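This document starts with one chain, in the form predicted alone, laid out as structure tokens.
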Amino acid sequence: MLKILISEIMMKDLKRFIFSLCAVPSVSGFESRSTEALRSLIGDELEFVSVDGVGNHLFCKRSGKQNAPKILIDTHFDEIGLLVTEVLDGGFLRVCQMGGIDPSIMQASDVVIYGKQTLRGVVVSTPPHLKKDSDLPKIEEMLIDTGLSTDKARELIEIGTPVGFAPVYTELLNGRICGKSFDDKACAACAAFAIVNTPKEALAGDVYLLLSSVEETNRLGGAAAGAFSVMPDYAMVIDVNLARVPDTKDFETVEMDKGISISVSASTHLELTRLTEKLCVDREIEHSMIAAPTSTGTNAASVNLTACGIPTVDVGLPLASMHTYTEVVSMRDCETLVKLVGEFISSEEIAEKMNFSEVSFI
């Protein structure tokens, strides 16, 4: 019954699948703990290839064609979180951050502690009646209240235990959804959904889905190691992009409900970028082109420079309230991303023009 339900979600209900995948715990550096959950969610629909030494998870859908090109879709699967640095008297925890978290969102936040048992906690918030000034404490100065006794807390929670935000998801008006870890697991869900729902005979090559590790805590990320293990002919890296809200500048952001973004950058492959733009125009896929001169801020540069070079295009999904536990994306944009991935992995034109099999190396 569970497998049937998962299959129905993967084939029909993108929103439920996004919520299910984003709820899988994967604090940066601890992605390998999510293997069983990922295999349950995706492994019946795509071939599970491996989880490697840095926590990358790799899935595949083969085209069945001889000498088929390898197409890589990378979305990082790690999420921002915390790491326990000290277990204090009274069951309180001191922590440091894993990935960039704004201290202003932390006090009173609801968290999950992935110790010897999975526990709930809350970040302590000093009542305004007791505050002596308005200075916000650093995350390293904040405490998590577990409700445990000192001895029990020290029994169940070791130094180095990861802590994530509680998986709470909400539907807003006008097709917006809200919750934690949409960066970048909403993109992972869209990519997986597209690959599963693209018929095998429609694929332009063998498609590899890389759910890469440690993007939030290491600029190189695990994507380089994952891409090296596949050695694809070309790749698409998908990550969230800063959505436009009233207090942002237009040139720094992209508009929600207007589709995906494609980066023009010195750190990605220009021809593949333009081919992807053309694909969007030809298939009437809503998109915007953005200039990211020397860096996209994603795994794209790492994948592009792996081995002898992997042609890579960088695609963005607009996201508001980034690096919080209430990130917001548009289902319309998610559906657009699903359409783009499906068309990208089916494009014979891109597969033909990205075929470098006749290039010789010294």
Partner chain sequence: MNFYSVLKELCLCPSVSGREQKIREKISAIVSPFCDEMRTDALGNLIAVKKGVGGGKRVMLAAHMDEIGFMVTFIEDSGMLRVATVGGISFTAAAFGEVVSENGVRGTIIPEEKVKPADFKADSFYIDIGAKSKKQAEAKVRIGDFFVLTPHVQKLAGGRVCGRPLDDRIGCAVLLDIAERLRDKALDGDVYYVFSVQEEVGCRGAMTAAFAIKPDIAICLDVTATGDTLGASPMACRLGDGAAVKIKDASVICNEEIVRGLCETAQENKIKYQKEILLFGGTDTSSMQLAGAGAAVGAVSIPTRYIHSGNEMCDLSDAQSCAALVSEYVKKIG
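Numbering follows the first chain given and starts at 1. Here the structure is a predicted model, which means the values were calculated and not measured.
Beyond what is shown, the protein has a form predicted together with the partner chain; the following relates to that form.
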query	finding
Contact test, all of Glu140, Val214 and Gly221, partner the partner chain in the model of the complex, heavy atom 4.5 Å	yes
The single option of Lys65, His323, Arg33, Lys70 touching the partner chain in the model of the complex, heavy atom within 4.5 Å	Arg33
Selected contact from Val111, Leu203, Val254, Ala225, since only one has a non-hydrogen atom within 4.5 angstroms of the partner chain in the model of the complex	Ala225
Heavy atom contact within 4.5 Å of the partner chain in the model of the complex, the stretch among 165 to 173, 182 to 190, 92 to 100, 142 to 150	92 to 100
4.5 angstroms heavy atom contact with the partner chain in the model of the complex for Glu86	yes
Ser28 within 4.5 Å of the partner chain in the model of the complex, heavy atoms	yes
Distance check, Pro199 to the partner chain in the model of the complex, heavy atom within 4.5 Å	no
Partner contact for Val245 in the model of the complex: the partner chain, 4.5 angstroms, heavy atom	no
Any residue of 135 to 166 that, in the model of the complex, places a heavy atom within 4.5 Å of the partner chain	Glu140, Glu158, Ile159, Gly160
